[in-house]
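Before any questions on how it binds or moves, here is one chain, the form predicted on its own, in structure tokens.
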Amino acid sequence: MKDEVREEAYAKLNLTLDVTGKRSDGYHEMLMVMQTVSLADTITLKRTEGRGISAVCNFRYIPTDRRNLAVRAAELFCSERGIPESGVQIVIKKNIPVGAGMAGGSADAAAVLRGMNRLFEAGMNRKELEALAGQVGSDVAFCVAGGTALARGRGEALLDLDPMPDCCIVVCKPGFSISTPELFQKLDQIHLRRHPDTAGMQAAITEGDLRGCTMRMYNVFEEVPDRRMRTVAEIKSAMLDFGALGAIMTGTGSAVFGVYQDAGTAEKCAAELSREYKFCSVVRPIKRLSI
């Protein structure tokens, strides 16, 4: 068995996000087209002489106990595989902005599951890892293999799609985060005027039609009456002014992304937005990971 493994924990973006109802278990019924992008945290798993799971992170405000999905994922893996006495340290190097709607915590947890599978040579396949991931959190299952996928339910029911057409994506996060439970509560109080064309998005992806994809990008959470949506709208407007084919908020925010065909234009947009917003990055869509 190995003494140390490293995994990249890739961020996700929502090309579409729809809420189609509320379930009896209190969760909302989701319908989303999700895309993995090249921005990533780095997860290193190290065997230790002690027992149990420990974690450290380069962001001091990130919890390193069971409040962290990465720790819970490691503990669940050990419990499920019958190795609860093992000592493992999780080293988390964060690059994905926190509270951005980019599944940073979920991506870390998924990377831990992939890494633990390698560290202990457990031989679990993708479906087994995704089933385990579904017990950790809603987006964790998608983040196991990533790529381009249709997600239903809480986000754990996945259908692989063809890869998104290649492009450059500018991601910008304003200086605030948005509480996911708070936004769901506000969503429950309004009637949605519009829903994304999910089937049309799937067809555009299959046809390799980037413009068709960007025409159908939509996130129902942008309808929520919240003063912070004004900033989201301002960032979207700036991206479109710089030639983005389309721009929307990802997840429950607060990050916004715009899609560009030309790398130079994307870089110019990112440089301009960086004057006002602390986090701004140019990323690319990436294909599904091999497990």
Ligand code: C5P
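From 1 onward, residues are counted along the sequence shown. Computed from a predicted model, the values in this text were never measured in an experiment.
FYI, the form predicted in complex with the named molecule isn't displayed, but the following is about it.
In the predicted complex, S138 approaches the named molecule with a heavy atom inside 4.5 Å.
Though the partner is left out of this view, G175 does not reach within 4.5 Å of the named molecule in the predicted complex, counting heavy atoms only.
Proximity of P181 to the named molecule in the predicted complex: non-hydrogen atoms within 4.5 Å are present. The closest non-hydrogen atom of H28 lies within 4.5 Å of the named molecule in the predicted complex.
Exactly one of the stretches 20-28, 263-271, 276-284, 6-14 approaches the named molecule in the predicted complex with heavy atoms within 4.5 Å, and it is 20-28. Between the options K94, R211, R118, R154, the residue in contact with the named molecule in the predicted complex by a heavy atom within 4.5 angstroms is R154.
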